[in-house]
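Have a look below at one chain only, the form predicted alone, in structure tokens format.
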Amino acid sequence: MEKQLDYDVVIIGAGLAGVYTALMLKPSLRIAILSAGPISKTNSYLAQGGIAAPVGVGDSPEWHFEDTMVCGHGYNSSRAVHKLTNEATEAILNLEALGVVFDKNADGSYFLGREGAHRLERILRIGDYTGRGVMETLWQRVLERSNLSIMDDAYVTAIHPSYDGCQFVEFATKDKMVRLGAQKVVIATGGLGRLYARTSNNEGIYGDGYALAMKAGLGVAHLSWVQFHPTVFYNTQGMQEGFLISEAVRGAGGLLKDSKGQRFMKDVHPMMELAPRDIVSKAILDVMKKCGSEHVWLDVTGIGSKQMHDHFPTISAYCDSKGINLDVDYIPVSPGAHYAMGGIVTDLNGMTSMPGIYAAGECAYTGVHGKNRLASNSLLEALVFGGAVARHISEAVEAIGCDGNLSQTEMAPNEGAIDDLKALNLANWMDLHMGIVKDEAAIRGMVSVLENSLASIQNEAFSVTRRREENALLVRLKMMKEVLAHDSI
């Protein structure tokens, strides 16, 4: 195995949590950012709605705290939520100092949108492509930092914790295996949405970080707490791209209607279309079953195509490409897997159960979201807790060497997926039985099948393809066993 330079900090993942953590670390540290692909393949890049923060007139961290707690059904950690909401404004100012420019009103105040379960307008935006706008700006700052090394074709296969001050990270490139030594390792690998067929998540989001953590002996909790976004575009022509219709569209006046053109959320919750996501998703599922349809409708004709194109250009362009006239046509939508509330257990500084290893962003579990995330708290979580990780590491790191030597490991060819997993079509199975409603009988039967498949893979020679399959199986099994232990929503 080829030896590389040793680092003070290795960050696994190039989404917002990973990139922001890197930029907040003191510049004297040698930092490596490992990513299996470009930033455009992260979920952070896809984020449309924006970042929640109590920066508007009349708003307060206390109100933001209350809305977050209510949305999480009281399963939140109040300490984590207090940290999130009280440090939100500082996080926004940090982004602006790094060059991020949010939408403003004519008087220079923030143009704030409203989303589900927020009592008032609280969402800072960059059009309807906030994630892309933030990520592209921060990536420019990354490229300017001489202390940051970027490896964007690095699929991490193992983390080896150590108690002597050095951690080790193994990763595969196209033709070799590499082992890096570092004082601190930050896991910022995102969620698990692609374990489902219908999802808003980007390519490659299969829960690898959770599997890495489990193999390394780190605590992992509540992976079955998956949030389903109510309004993922349903392509009536066939191919499902997983394109999200932002909750901000409903905040601007979009109405959910059944197959007969009747609103239904007004009979479900006082906040109607802006009820918490789990409530809206379940209501949509109920309507779909009742009507025998595969989607419901989002009516934006009251907003009008001009306002839609002005405030939601990405969504409008997508609808245009599908032949939808926003002045007269409704948008077909249905729920899709969106966000993991559980993850790698950390404290409020992002520290895991192993010294020297941290986690931040969606892959971490601080308890901040409870059982249901408040809209647009995701990017905020990455900022607040990524910043906490950076501060803690910057205060703790010392100049010590790490020995990165490791004996050579041969790589097997990257074969295709094994036949029995293909036949099971696990992603579609997850939609049917591990979705908004869980089917315990079906889950119980699938557990033994997956355990046998996992054992088969583990006995084979190493390849990146097999490692990805193994990781996906480990995470699915963890999720299913939690459901059987009655830990699901």
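What you are looking at is a predicted structure, and each value in this text was computed from that prediction instead of being measured. Residue numbers run from 1 along the displayed sequence.
There is another form of this protein, the form predicted in complex with a small molecule, and it is not shown here; the text below is about that form.
Looking at the small molecule in the predicted bound form, residues T68, D278 and N372 place no heavy atom within 4.5 Å of it. Only one of T85, S378, T352, T366 comes within 4.5 Å of the small molecule in the predicted bound form through a heavy atom, and that residue is S378. Screening R125, K184, R122, H338 for any heavy atom within 4.5 Å of the small molecule in the predicted bound form leaves a single hit, H338. Only one segment in the set 284-292, 244-252, 190-198, 321-329 has residues whose heavy atoms sit within 4.5 Å of the small molecule in the predicted bound form; it is 244-252. Not displayed here, the small molecule is approached by E115 to within 4.5 Å at the level of heavy atoms in the predicted bound form. Taking the partner from elsewhere, S35 is found to have every heavy atom lying beyond 4.5 Å of the small molecule in the predicted bound form. The closest heavy atom approach of H229 to the small molecule in the predicted bound form falls within 4.5 Å. At least one heavy atom of Q48 is located within 4.5 Å of the small molecule in the predicted bound form.
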